[in-house]
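To begin, one chain is listed below as structure tokens, in the form predicted alone.
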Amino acid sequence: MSDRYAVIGNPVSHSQSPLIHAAFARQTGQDIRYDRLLAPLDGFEDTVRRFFHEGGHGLNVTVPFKREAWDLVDRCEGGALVAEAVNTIKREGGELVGYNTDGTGLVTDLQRNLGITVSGRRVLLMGAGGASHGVLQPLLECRPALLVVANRTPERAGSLVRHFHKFAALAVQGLVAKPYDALAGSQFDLVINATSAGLDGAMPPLPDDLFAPGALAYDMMYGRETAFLQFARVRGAACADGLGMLVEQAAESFRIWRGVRPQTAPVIAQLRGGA
């Protein structure tokens, strides 16, 4: 019988993860079954425990449950310790172990797939929710010259920055929080949208001169031309969506579960319609 894995969320019917992991399994010769698992908004823990009680081996966790997953697991490894958010759960003996592969996925997509150097660059990260928690440590480890976290509620951005300032091993000297209305006059080499504003066609209030020459606008959403990417494109910035991040974080989850990291380029090409 194939080992069972799934992505759990609400909603989850749109998820590309089953297709991605099926491609990884074919590529690496792994015998797995990967499904979508819809959890009630008030029933995440019960759904997770039932899945593992019935023999499940691992879960990917998507919105809105990443923080609940951090609370649920028996212990955390790697970036999940700092992020306080879990997107990958692995059963190890009698324990549920939590990981966060979002940041690795983002940085790998930026640096390997898109050829973007983060070190020494000015980075703006928009949003202070779970997505930003998951990617902030790996971005800091790339040693940007400046990393500004902006949010509609400045208090949340400040809280996120203070949280990461607790970890002395991180390069946090260039990490600051700002409200959107304080960005006027600043320019950035990399602007990352980690908000969910694109779901309803909205975008954060950004100044027109935000993008430095040669800047990249990166939206973690994928599969649509968001208002943010439209805004950036008109102002001369290069643009990328989050599809590569999705595949790269999935590959890191697959490595955690199965001990082998699949090739991502053919899967990204397949999802983009190039294969």
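So that there is no doubt, residue numbering starts at 1 and follows the sequence shown. The model shown is predicted, which means the values in this text are computed figures rather than measured ones.
Omitted from view is the form predicted together with a small molecule, to which the following refers.
- Taken together, Leu136, Ser159 and Ala177 are entirely out of contact with the small molecule in the predicted bound form: none brings a heavy atom within 4.5 Å.
- The partner is absent here, but in the predicted bound form a heavy atom of Met203, alone among Val73, Met203, Leu183, Val118, sits within 4.5 Å of the small molecule.
- Among the residues His165, Arg152, Arg112, Arg143, the one placing a heavy atom within 4.5 Å of the small molecule in the predicted bound form is Arg152.
- In the predicted bound form, Gly130 approaches the small molecule with a heavy atom inside 4.5 Å.
- Taking the partner from the other structure, the small molecule in the predicted bound form has a heavy atom within 4.5 Å of a heavy atom of Ala194.
- Partner proximity in the predicted bound form, defined as non-hydrogen atoms within 4.5 angstroms of the small molecule, places exactly one of 144-152, 101-109, 184-192, 75-83 at the interface: 144-152.
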